[in-house]
Structures are given as C-alpha cells and as structure tokens.
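The data below hold one chain only, encoded as structure tokens and taken in the form predicted on its own.
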C-alpha cells in the first residue's frame, strides 16, 4: 500500500456503483445548464487539456486576461452556476471533517489522452477547509508531493468511486494526473474520467 503524505486521505470505493451512476446523471444535468468549456492559462492563453464546468454558488475559472479566480457566473453563458447535487453535500459532510458547506464543485472531464500537471489549489481564502476529490469513470494515475515544487512525489491509481481528501499539512500539496487508463470503467458513455473537486472558497 502506498504511503501517502500527512493530511492526505484515500477512501477507496466511497461511492458504490449505483451511487456513481446516480451522480453521473446529476452531473449530466448540471452540464446541460452549464456547458463544458476549455479553460486557458493566464498570460499565455494556452488552452488546458481538460474541459470543465462548475456547480454551487461559486465556480473556478481562468482566462488570459484575469487569471485564476472564482466567480458566480459561467464565463461563456453568463448564467449563474447550477446548484450542487445533494449527494455531493452529503459526501462533504461525511468525509471532510469541516463544519461549513462547500461553495464550489469543479467538474473536470479528462479525455483518454488528458493529463494535469502538478499544481496547488490555492485560489481559496480558507485553507482550513480540505479539498475533496471524487473520481468517476476510467482509472487514473494520481501523483502527489509536498507543498514545495520539485520535491518527492508518490503515485496512486484511482478508480471510479474513490475519494481523495487533501487537508491539514497537505492542503497545499502539489498534485496532478499523469495518465488515464481508457476502458477500465463502463460508467461513462465514452472512455474518459470525470473528476469532481469540492472546495470551500470563503472564510465562514
């Protein structure tokens, strides 16, 4: 078993197959209201390889002009984000160990060739709240290190229904996705992976 950094929790099979299928249906409904878009890097405008959306009071967005931030509206449609499915709020309440509800759920869709470089989740005002990450669909190779770039990392294969919680000493740990394993899950209509990331943004 892989030894994870202090503050990182891996909960295998946190969602059973039925709960996964129900959550995918909920996310499809969200995306029908808040379509997936391609975020771009600040300054360079280089598109990221994931497509994304959000639900909840706030959503994480990025563009060349204004960079990384949270806002209450979809950057393409201008509409407010859809509400967070109750199942996600229940998971947060059960697993986060934090008394206040999440304010943003990032929805990232990884195609079979998609990767996510090592990065920190640091655009929030409240680092006391953990980040809760849910895997749906094909397996991925998840990598996590310390709070400084370039340090030692460990890798972990995540399967559909797994949850990772980044909190405490690892709240600002660098983490990323090195690869997707296409065809390892039949949950989604096409090969790929959905990652849902629950975050508290503001200080209560």
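Numbering follows the first chain given and starts at 1. Just so it is clear, the model here is predicted, and its values are computed rather than measured.
Beyond the structure shown, there is the form predicted together with a small molecule, which is absent from this document and is the topic of what follows.
Novice: Find the only residue in 166, 136, 55, 61 having a heavy atom within 4.5 Å of the small molecule in the predicted bound form.
Specialist: Among 166, 136, 55, 61, a heavy atom within 4.5 Å of the small molecule in the predicted bound form occurs only for 166.
Novice: Is residue 119 close enough to touch the small molecule in the predicted bound form, meaning at least one heavy atom pair within 4.5 Å?
Specialist: Contact with the small molecule, yes.
Novice: Check residue 199 for me: does it contact the small molecule in the predicted bound form (non-hydrogen atoms, 4.5 angstroms)?
Specialist: Result yes; residue 199 sits at the interface with the small molecule in the predicted bound form.
Novice: Report whether the minimum heavy atom distance between residue 171 and the small molecule in the predicted bound form is within 4.5 Å.
Specialist: Residue-level check for residue 171: yes, a contact with the small molecule.
Novice: Is residue 105 one of the residues lying within 4.5 Å of the small molecule in the predicted bound form, judged by heavy atom distances?
Specialist: Residue 105: no contact with the small molecule in the predicted bound form.
Novice: With the partner removed from view, which of 41 to 49, 28 to 36, 61 to 69, 141 to 149 is the stretch that lies within 4.5 Å of the small molecule in the predicted bound form, judged by heavy atom distances?
Specialist: Going through the listed ranges, the match is 141 to 149.
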